[in-house]
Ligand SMILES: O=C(O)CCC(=O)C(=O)O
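Single chain ahead, by itself, as structure tokens, in the form predicted alone.
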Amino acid sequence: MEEPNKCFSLPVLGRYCVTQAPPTVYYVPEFISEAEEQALLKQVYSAPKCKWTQLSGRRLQNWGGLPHPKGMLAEKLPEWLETYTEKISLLSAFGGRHANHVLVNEYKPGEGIMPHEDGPLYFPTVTTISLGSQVLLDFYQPVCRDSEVTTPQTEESRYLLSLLVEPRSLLILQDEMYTRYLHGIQEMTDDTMTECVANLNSTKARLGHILPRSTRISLTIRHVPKVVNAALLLGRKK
């Protein structure tokens, strides 16, 4: 696979901070080259059929192990993913820790995912490389549990902002944007650029543009702190 075309460090990332969003969002357009994008897509679709899991609204591949409260039974990442887990880890995105888990999600036009949070099994940072198509990632206030709140808490009323995630870009979410707000993708076939797109000025799109979606692959790269070593487990069973 072609070597990554850029080398970033954490201080350099500062200029990619999306200041129109709560802390903290970094959006890096063209983080990888078109050749890297095509090579990654080839690897994704060359994976064994058994690696795919079909879910409602998308299908995915899980690499690195299955996160679990008792610890993830770690599996070695393939070389084509290690190249990018290493590149992102060098940004100190995970506080000096190394990325050890990757979810590969496939979204076809009209597919999406309900607003959700990633939960406590991961280090509180999520990084995503996008391939193939743009998408709007929407953010929402969590549902208020205060019994005095009587108005309906719909997705529309809890909507906060959107981020346009372009092909070959890197998105990093930390702090409140990871721990407080929910994120999701609407089941749409195109994305309309409005004033609510917080990083619009950092993209190729402009206000009012309507961008048709094609099939998008996302590489969600994270660090799972609690890991169980397979060799140690096998040793205990002897």
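So that there is no doubt, residue numbering starts at 1 and follows the sequence shown. Predicted model only: the values in this text are computed from it and were never measured.
Quick note: we don't show the form predicted in complex with the named molecule, though the next part is all about it.
Remark: of stretches 98-106, 69-77, 84-92, 153-161, the one touching the named molecule in the predicted complex is 98-106 (heavy atom within 4.5 Å).
At a distance threshold of 4.5 angstroms between non-hydrogen atoms, R222 is in contact with the named molecule in the predicted complex. Taking the partner from the other structure, the named molecule in the predicted complex has a heavy atom within 4.5 Å of a heavy atom of H183.
Among heavy atoms of R58, some come within 4.5 Å of the named molecule in the predicted complex.
Using a 4.5 angstroms threshold between heavy atoms, D118 counts as touching the named molecule in the predicted complex.
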